[in-house]
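Encoded as structure tokens, the following chain is the form predicted alone, with no partner shown.
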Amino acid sequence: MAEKDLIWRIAGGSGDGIDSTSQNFAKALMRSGLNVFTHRHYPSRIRGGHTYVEVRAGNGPVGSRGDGYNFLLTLGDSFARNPGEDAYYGDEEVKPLTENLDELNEGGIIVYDEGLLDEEDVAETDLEQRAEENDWHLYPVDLRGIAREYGRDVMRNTAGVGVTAALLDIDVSYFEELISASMSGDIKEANLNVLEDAYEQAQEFEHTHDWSAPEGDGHDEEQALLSGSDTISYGALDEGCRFISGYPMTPWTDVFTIMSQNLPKFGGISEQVEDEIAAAALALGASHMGVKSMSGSSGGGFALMSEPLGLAEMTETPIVLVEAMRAGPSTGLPTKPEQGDLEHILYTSQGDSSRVVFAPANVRECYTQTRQAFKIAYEYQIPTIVAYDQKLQGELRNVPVSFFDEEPNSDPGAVLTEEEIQEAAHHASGKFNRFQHDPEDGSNVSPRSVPGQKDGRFLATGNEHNESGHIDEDPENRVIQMERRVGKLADIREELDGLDTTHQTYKGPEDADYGIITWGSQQGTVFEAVDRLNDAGHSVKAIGVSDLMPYPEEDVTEFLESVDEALVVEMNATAQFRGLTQKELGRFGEKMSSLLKYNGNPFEPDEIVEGFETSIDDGELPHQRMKYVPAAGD
């Protein structure tokens, strides 16, 4: 973590406006010229509970949540159902204070709402003693009192932002502009008054800290604050997706909601259905009719899509599915991140799999790889899955608006015109040979027609079939059709390897002695750790892998051949990506060890530094937050 980076955490109860306040705080810092990154933590209980959001801001690249944090704005939980300490979940009113102290860095700042948390509440937390031990700087402020003076209690989050701005020397005008742009009438005036009052009161405090927000160097161009859910959606829209069907399930719901809000502007359709089987089947039907379509879910919801996913593979109907991973099994930790669905994504459905899986690592990759997913799906007539997780779903990062200045693409892929259909092969019955064994272009992709095209009719069935789609159990036909379907993966791998830019991302010196391998959302954290390790005198490089199927054998082979040892970093308990790599590249099994985390929280850079140093020293981790698994030969 850069020494001057600010990591600000706002904590309160569900309903206290934590999410919206943190977004506005991040936008204000972005507009001040800083790079920002947010991390969101919230409970899965319908009845609410303690929630927080971190905002990290700095002048340099910010690709990770950092180690701990250095400023806590704690509102307390004004919606606490059980404020007594004897309640099953403890004193929920004070939890936004007590449950955040362990991660507050030495020398940090605490602002708490003494209008909600009275002296007795605070005294029971031993806050003053812990503050003295850790050199924390305490600023109790009656945030609720300030809010009530101008209206409702909920505005105490605005009061907290005003206090934060004063204590960190942040220009309050950025917050005023955001309030003026997002509110109107009496609500706008009340919030502006609360902000000003809190700011002025905090300016009068005796500042015992020496913290201030970093001064932004400015951005060369306009920035947007976006999540992985945003950019998956925008990538789908720009690639011509005009139909989505789904059923709400955290964290997939974000993509479904964003697409549903935007599709009508492009003449598209969104359908919420009764369950995930219907969602995937409906999207499959829309794609069969010639519309670029997508669906998706999370965890157990995606499990229900196994049957229509197999149907897409058998009928060679293109479709893009989003799998937003969360901690399992079953309902598990529905609002916490984990990368435990990898094997499920790769192999669910029936029989031998023929699908493509991408796992983007950040908001930019979510956009570009979603667009690539549609191109592959509709060119090769194969289901393609975009896998991401709750971490990437909820975190916000600033991205130059110009990044999205790419031409939209409405190309339907390998679909014949009616003129081409007339010249194509047909069965004696007149049916179009949709599933030809030997297409004229020599590829494994058969020409495709869509319903309504003259002479383009064929049968689409989940049974094994012959060229025109009729059920056919002949062994020779089975082998030919299966090899053609599965053979698409080799063709796709060849195309991906031939692109100007690979989906795999690299960090560190090319001639490094040691390697770190990761996939998906942990890439930014790993890359920050690599910088620290090299600064500390280690010789380390990293690869972030996005292509999960077909596996990028050449890229990973070259990486593993170039290092003495490699540490595989992932968020699951069973080392699933390391297992996939050993399956594909078994000869490197003795080179790879694992660093695993599966407690519901993503890695921090320092944890990866610690895990790497443990791996090269053949030591043991001193705590239970992570698990180190040695190489197979150790």
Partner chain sequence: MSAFSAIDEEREIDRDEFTPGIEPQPTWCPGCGDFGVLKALKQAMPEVGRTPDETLLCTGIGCSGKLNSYFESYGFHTIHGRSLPVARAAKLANPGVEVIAAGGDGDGYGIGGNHFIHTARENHDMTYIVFNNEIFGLTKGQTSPTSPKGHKSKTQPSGSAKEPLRPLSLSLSAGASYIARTAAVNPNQAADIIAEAIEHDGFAHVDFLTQCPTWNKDAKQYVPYTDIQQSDDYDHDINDRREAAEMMYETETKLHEGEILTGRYYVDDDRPSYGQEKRAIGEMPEEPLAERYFDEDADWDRTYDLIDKHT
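Quantities reported herein were computed from a predicted structural model and do not represent experimental measurements. Numbering follows the first chain given and starts at 1.
Heads up, the form predicted in complex with the partner chain isn't pictured, but that's what we're talking about next.
So the partner chain isn't shown here. In the predicted complex, which residue out of G151, P140, G285, G328 has a non-hydrogen atom within 4.5 Å of it? Selected option: G285.
Among the candidate residues V450, A131, M482, I187, which is the single one with a non-hydrogen atom no more than 4.5 Å from the partner chain in the predicted complex? Answer to the contact question: V450.
Taking the partner chain as it sits in the predicted complex, is G537 near enough to touch it, meaning that at least one heavy atom pair lies within 4.5 angstroms? Flag for G537 set to no.
With a cut-off of 4.5 Å between heavy atoms, is R355 one of the residues that contacts the partner chain in the predicted complex? Judged by the heavy-atom cut-off of 4.5 Å, R355 is well away from the partner chain in the predicted complex.
Is there a heavy atom of I471 lying 4.5 Å or less from a heavy atom of the partner chain in the predicted complex? Looking in the predicted complex, residue contacts with the partner chain include I471, since a heavy atom lies within 4.5 Å.
Would F404 sit within 4.5 Å of the partner chain in the predicted complex, counting heavy atoms only? F404: contacts the partner chain in the predicted complex.
Counting any heavy atom within 4.5 Å as contact, can you tell me which stretch out of 557 to 565, 155 to 163, 486 to 494, 458 to 466 lines the partner chain in the predicted complex? Result of the contact check: 458 to 466.
Taking R31, Y234 and G240 as a possible spot, do all three reach the partner chain in the predicted complex with a heavy atom inside 4.5 Å? Yes, the whole candidate spot contacts the partner chain.
Suppose contact means any heavy atom within 4.5 Å; which members of 592 to 617 contact the partner chain in the predicted complex? Heavy-atom contacts within 4.5 Å come from no residue here.
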